[in-house]
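One chain comes next, on its own, written as structure tokens: the form predicted on its own.
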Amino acid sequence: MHRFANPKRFMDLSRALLPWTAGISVVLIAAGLYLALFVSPTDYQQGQSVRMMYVHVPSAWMSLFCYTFMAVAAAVALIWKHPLADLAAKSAAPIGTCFTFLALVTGSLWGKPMWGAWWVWDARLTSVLILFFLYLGYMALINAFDDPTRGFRAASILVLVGFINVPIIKFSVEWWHTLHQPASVIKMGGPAIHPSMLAPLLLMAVGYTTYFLWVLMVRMRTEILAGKIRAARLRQVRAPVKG
């Protein structure tokens, strides 16, 4: 990965990948939504409300994936001083925040007809809410210092400390009694979900992932260009005035 630490190499690579990730994400999400809304069957217990699963579950997966990506980037930045690692974590934070917010909202909408309440303080819901606040805390902390280096370091430490919440979210159903059902897609013995429901679910998950990569590259490119503009302005300010 150090080969792509050079911002110019990253800009060249991302320029080539952007159209592909954009196109693939649009096609996959559109196909997933079509299958979810018009092809997949209703559930014998949940009825039409089961269709919320195709948005909620991939959003929840992506909330964990984005935070894990940030934790890895933060560790690389702290240990190996990778030039783009801090920018990668910073760029991923708003995307992960949006996915987590979407998971919370759709979970509430799905939970109302199933549980009879918009919100319950069970282990998984509470830990996902904590994850949402960790995202917000990271974005606030990274901009809380006049020195960007100190902001990146403090935010990276917060991400790594908060990563303990990721396995808590993942295994909360097994560790405590919650209203959420155990894993039905990734489990020993294969998925416990019908292929007609599994196909749109996986299409949405892969579509969300390519969307994440697409927006991540756009945001990182924006950060790199903004850094070049700031550096150019700083050179102009420091340049000696010729009489």
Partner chain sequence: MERFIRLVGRDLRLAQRHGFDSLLVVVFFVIAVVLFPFGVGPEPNILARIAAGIIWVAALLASMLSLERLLQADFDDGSLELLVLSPVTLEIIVLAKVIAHWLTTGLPLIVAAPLLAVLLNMNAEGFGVLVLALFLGTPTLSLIGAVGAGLILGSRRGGVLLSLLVLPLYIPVLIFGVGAVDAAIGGFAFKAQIMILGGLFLGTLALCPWATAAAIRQALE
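Residue numbers count along the first chain shown, from 1. Remember, it's a predicted structure, so these values are computed and weren't measured experimentally.
What follows is about the form predicted together with its partner chain, which we do not show.
*Asks:* Kindly confirm or deny that L158, S172 and W175 each have some heavy atom within 4.5 angstroms of its partner chain in the predicted complex.
*Replies:* Yes: each residue has a heavy atom within 4.5 Å of the partner.
*Asks:* With heavy atoms only and a cut-off of 4.5 Å, decide whether N165 touches its partner chain in the predicted complex.
*Replies:* Because a heavy atom of N165 falls inside 4.5 Å of its partner chain in the predicted complex, the answer is yes.
*Asks:* Mark W119 yes when one of its heavy atoms lies within 4.5 Å of a heavy atom of its partner chain in the predicted complex, and no otherwise.
*Replies:* It does not: once its partner chain is placed as it appears in the predicted complex, W119 has no heavy atom within 4.5 Å of it.
*Asks:* Answer yes if any heavy atom of W80 is within 4.5 Å of a heavy atom of its partner chain in the predicted complex; otherwise answer no.
*Replies:* No.
*Asks:* Is there any non-hydrogen atom of W115 lying within 4.5 Å of its partner chain in the predicted complex?
*Replies:* No - in the predicted complex, heavy atoms of W115 and its partner chain never come within 4.5 Å of each other.
*Asks:* Heavy atoms within 4.5 Å of its partner chain in the predicted complex: which of the stretches 92-100, 68-76, 105-113, 137-145 has them?
*Replies:* Selected range: 137-145.
*Asks:* Once you compare with this form, do the C-alpha atoms of N165 and L109 lie closer or farther in the predicted complex, given a change of 3 Å or more?
*Replies:* They are farther apart; the C-alpha distance rises by 3 Å or more in the predicted complex.
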